[in-house]
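Here we start with a single chain on its own, the form predicted on its own, put down as C-alpha cells.
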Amino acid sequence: MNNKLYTLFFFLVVMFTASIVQAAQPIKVGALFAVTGPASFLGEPERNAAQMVVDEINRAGGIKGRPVKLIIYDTQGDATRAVQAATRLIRQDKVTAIIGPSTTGDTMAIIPLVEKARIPLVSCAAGIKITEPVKSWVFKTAQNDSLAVTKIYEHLQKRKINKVAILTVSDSFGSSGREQLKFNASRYRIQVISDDTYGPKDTDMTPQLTKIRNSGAQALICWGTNPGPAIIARNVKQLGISLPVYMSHGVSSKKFIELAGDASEGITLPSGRVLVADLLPSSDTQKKSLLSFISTYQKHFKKEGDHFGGHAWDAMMLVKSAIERGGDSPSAIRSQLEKTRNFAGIGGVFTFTPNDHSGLAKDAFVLVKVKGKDWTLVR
C-alpha cells in the first residue's frame, strides 16, 4: 500500500513540475529585419539565423527554464515601416529586447523610440553613428564602417597606392562610408581624387565610372549594398577599367558573386571571418563558433551561413547571455550587455563598455578576395 501511495505521489509531483514548466511565461524578444525588398539579402539570412538560435535555445530547455518567443516583423528596408514595427513591438507585444534592424537607415529611425521606452536594441547594421556617440540602450553587432575603411587603407598603403576614387551609394550606409573614407584618408596619406555617388535604384553607373577612369586614380573603392555594387563590378568590366577594385563589407556574401558573375573576379573587400572560416588557423578564437554556425545553418537552410546571418546570431546570443547573467528585464539586459567581455561571436570578439557599444576592433575584419567564384583570404 505504501509503495502505491509513493508511486502516486511521485507521479503527481512529476505532473505538477511538468505543468509549471509548460506554463512558464515566454521571454519575448522582438526582431526587425528587411526580409523582403531591396535589402532582403541582409534580412533574410538574419531572420533565418535569429530563428535558428531561438529554436536551439528552446530545444535545450529555454533560458532559465523559460522558452524564448521571437516576434519578427519585416521592415522591407523602409524606415517608416521600421518605426511602425518597433512601436508595435514595444507597446503591443511588450518585448524585453529588440534585435535588428538590418540597415543603418532603419536603425537610426527607431533609436529615439527604444531610448524613450528604455528597451535594449542590438542592431545588425554597420553605420558608425548607430553607437557613436554612445546611446544608453543601443548596441550593435555589425562591424563599424570605420574599421572597414581602416582595413582597406592599410592594404592600399602596403601596395603603395595613394590616389583613390570613391563611389558610394546615396543612402545612410553609403553616406556613413563616404564620410569615413574622406575623414580617414589623410591618416594614411591617401588622396581622394574622385568622389561620386549613385542612387540605390540606379541600374547603370557607366557615367561615374567613365569619369573615374579619366581621373588618375590608382584604385576604386565602392561603398554600398547589393545590387548596386554588382552592377558597378559589371560596368567596370564592360568599360575595360583595369584599376584594382575594393568593395565594402556591405556585400560580403556569396550573393554578390552570384550577382556580379565573372566581373566579381579579383575584387577585394573587408569581411568577418565567416566567409573564410575553413582557412583560419586552429588557434583563431572565433573558429569554433564560426564552424558551428556554418554547419548548423547549412543543416537548417541547405545553404551557407554568411556574414549577415552572423550579425543576427551574435545579437541573439548576446541577449541570451545577458539574460542568463542578469535576468530578463530590459534594464538587466542592458546592464549585462554593457558588461559583456571577450564574447567570441561570428562578427568578431565583442567587449562592450559604457563608452563602447559597438564592441569590436579592426581585427574583427579580414580581407577577402574573389578567386574562381569563391572567397579567398588575403594574407
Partner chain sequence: MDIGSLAANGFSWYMMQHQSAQGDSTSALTLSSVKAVSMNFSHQIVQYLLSGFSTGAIYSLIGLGFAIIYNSTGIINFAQGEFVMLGGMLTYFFLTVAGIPLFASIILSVIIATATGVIFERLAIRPLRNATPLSLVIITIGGSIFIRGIAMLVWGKDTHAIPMFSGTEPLFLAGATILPQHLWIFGITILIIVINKLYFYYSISGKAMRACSYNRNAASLVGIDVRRMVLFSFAISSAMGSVAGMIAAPLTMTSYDVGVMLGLKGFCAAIIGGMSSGIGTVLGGLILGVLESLGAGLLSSGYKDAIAFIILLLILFIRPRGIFRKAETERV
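Because the structure is predicted, anything quoted here is derived from the model rather than measured. We call the rigid core the largest set of C-alpha positions that still match within 1.5 Å between the two forms. Numbering follows the first chain given and starts at 1.
A second form of this protein, the form predicted together with its partner chain, is not displayed here; the remarks below concern that form.
Requested in this report: Have a look at 146, 268, 286, 197 for me and say which one sits with a heavy atom within 4.5 Å of its partner chain in the predicted bound form.
Outcome: Looking at 146, 268, 286, 197 one by one, just 197 meets the 4.5 Å heavy-atom criterion.
Query raised in the report: Ok, 238, 80, 184, 191: which has a heavy atom sitting within 4.5 Å of its partner chain in the predicted bound form?
Result: The residue in contact is 238.
Query raised in the report: Quick one: in the predicted bound form, does every one of 50, 94 and 96 get a heavy atom within 4.5 Å of its partner chain?
Result: Result no, not one residue of the spot touches its partner chain.
Requested in this report: Sort through 290 to 298, 208 to 216, 274 to 282, 124 to 132 and report the only stretch with a non-hydrogen atom within 4.5 Å of its partner chain in the predicted bound form.
Outcome: Careful reading of the contacts points to 208 to 216.
Query raised in the report: Do residue 105 and its partner chain share at least one heavy atom pair within 4.5 Å in the predicted bound form?
Result: Taking the distances in the predicted bound form, the answer for residue 105 is no, it never comes within 4.5 Å of its partner chain.
Requested in this report: Mark residue 351 yes when one of its heavy atoms lies within 4.5 Å of a heavy atom of its partner chain in the predicted bound form, and no otherwise.
Outcome: Contact check for residue 351: no, nothing within 4.5 Å of its partner chain in the predicted bound form.
Report task. Give a yes or no for residue 159: in the predicted bound form, does one of its heavy atoms lie within 4.5 Å of a heavy atom belonging to its partner chain? Result -> Residue-level check for residue 159: no, no contact with its partner chain.
Query raised in the report: Is residue 179 close to its partner chain in the predicted bound form, meaning a heavy atom pair under 4.5 Å apart or at it?
Result: Heavy-atom contact with its partner chain at 4.5 Å: absent for residue 179.
Query raised in the report: Which of the residues spanning 353 to 379 lie within 4.5 Å of its partner chain in the predicted bound form, based on heavy atoms?
Result: Not one residue comes within 4.5 Å of the partner.
Requested in this report: Using a superposition on the rigid core, decide whether the Cα position of residue 166 changes by 2 angstroms or more between this form and the one not shown.
Outcome: Passes the 2 Å threshold, so yes.
**Report entry** Displaced residue check between this form and the one not shown: residue 287, CA, 2 Å or over, core reference
**Finding:** No; that C-alpha moves by less than 2 Å between this form and the one not shown.
Query raised in the report: Hey, does residue 257 budge by 2 Å or more at the Cα between this form and the one not shown once the core is superposed?
Result: Yes, the C-alpha position differs by at least 2 Å between this form and the one not shown.
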